[in-house]
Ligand SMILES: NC(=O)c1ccc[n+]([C@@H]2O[C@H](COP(=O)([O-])OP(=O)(O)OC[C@H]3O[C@@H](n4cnc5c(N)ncnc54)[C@H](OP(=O)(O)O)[C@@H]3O)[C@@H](O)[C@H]2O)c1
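Form predicted on its own, single chain, as C-alpha cells, below.
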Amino acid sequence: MNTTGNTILITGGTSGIGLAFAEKFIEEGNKVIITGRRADRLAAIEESNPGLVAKVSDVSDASQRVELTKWIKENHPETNMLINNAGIQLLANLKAPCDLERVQLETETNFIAPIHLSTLFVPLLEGKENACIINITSGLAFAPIAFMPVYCATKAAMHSFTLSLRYQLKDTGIKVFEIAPPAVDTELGHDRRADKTESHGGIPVSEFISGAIEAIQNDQYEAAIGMAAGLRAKREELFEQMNARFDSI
C-alpha cells in the first residue's frame, strides 16, 4: 500500500490516534481531511497544520454521515482512503439496568457509524488507485475488559464486520485493513477519570502510529499492534489475568 499521494478522510481526528494519523500522513505527503464534533478544536488543528482540511461532523448522527459523504463527493472527490477511527469508551455496570442512551451512543459511534460510512464510501472509492478502508478496532476486541463491556463488544463486532467487508470487496480493488491498538496514551476512556484531559497510560501514540503505518505499507490487512497481538493470540488466558486486576474497580 502506498502511503503517499493520497487523499484521506479520518473520523475522530481532533485528538489521540486520529490526530496522530493525520499529522503522520501529512508528513508523508498526503492530503488529509479530519472530522470531529468540536468546531473550535478543529479550527485550531487546521490552522496549525497546513494542508489539513477540517470538517465538523458527528459520526453518531446518521444524517450527518450522509451529509459528510455528499460533501466529500462535491469538494474532495479524489478521496481514496477512509479511516474509521472515531470511538468512545464508557463504563457499564451490568448488575443494574443499563443506561440505554449511553449504550446506544457507544454502539452508534463505534459500530453502526463505521458500517454506514464504509458502505456510503464504497461507490466513491471503487475504481480509484490505492483505495482502502481502514477500521481501527482494539486489542480488547479479542479479550475484553469486563467493566467496559459495550466498548469491547463493539470492537469485537467491528473485527467480525471487517472480515466480511474485506471478503465482499475482494474484487473491487478496495483494500480493507483492521488495525487493533493496544492501550495507547490518549484521552480515550476519560469516562472513568475525574480529569477528562488525563490519559490512561499505554504506549506512546507515536509508537502505535509507527507500527500501524508499517502494517499498512506492507499490506498486513489484520494488524494487532504491540500488546494487542498478545490479546489476539492468547485471548482466553489473558482475559482472566487482565480482569483479575480490575475486580475492585
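Bear in mind the structure is a predicted one, so any value in this text is a computation, not a measurement. Position 1 is the first residue in the sequence shown; the rest follow in order.
Below: the form predicted in complex with the ligand, not depicted.
Interface stretch in the predicted bound form with the ligand - options 70-78, 167-175, 90-98, 131-139, non-hydrogen atom within 4.5 Å: So the stretch in question is 131-139.
Hey, in the predicted bound form, is Ala183 touching the ligand, heavy atoms inside 4.5 Å? Residue-level check for Ala183: yes, a contact with the ligand.
Considering only heavy atoms, tell me if Thr109 and the ligand come within 4.5 Å of each other in the predicted bound form. Looking in the predicted bound form, residue contacts with the ligand include Thr109, since a heavy atom lies within 4.5 Å.
Just to confirm, Lys31 within 4.5 Å of the ligand in the predicted bound form by heavy atoms? Taking the distances in the predicted bound form, the answer for Lys31 is no, it never comes within 4.5 Å of the ligand.
Can Asn85 be called a contact residue for the ligand in the predicted bound form at 4.5 Å between heavy atoms? Output for Asn85 is yes: heavy atoms within 4.5 Å of the ligand.
Which residues from 142-170 come close to the ligand in the predicted bound form, meaning a heavy atom within 4.5 Å? In sequence order, Tyr151, Lys155 come within 4.5 Å of the partner.
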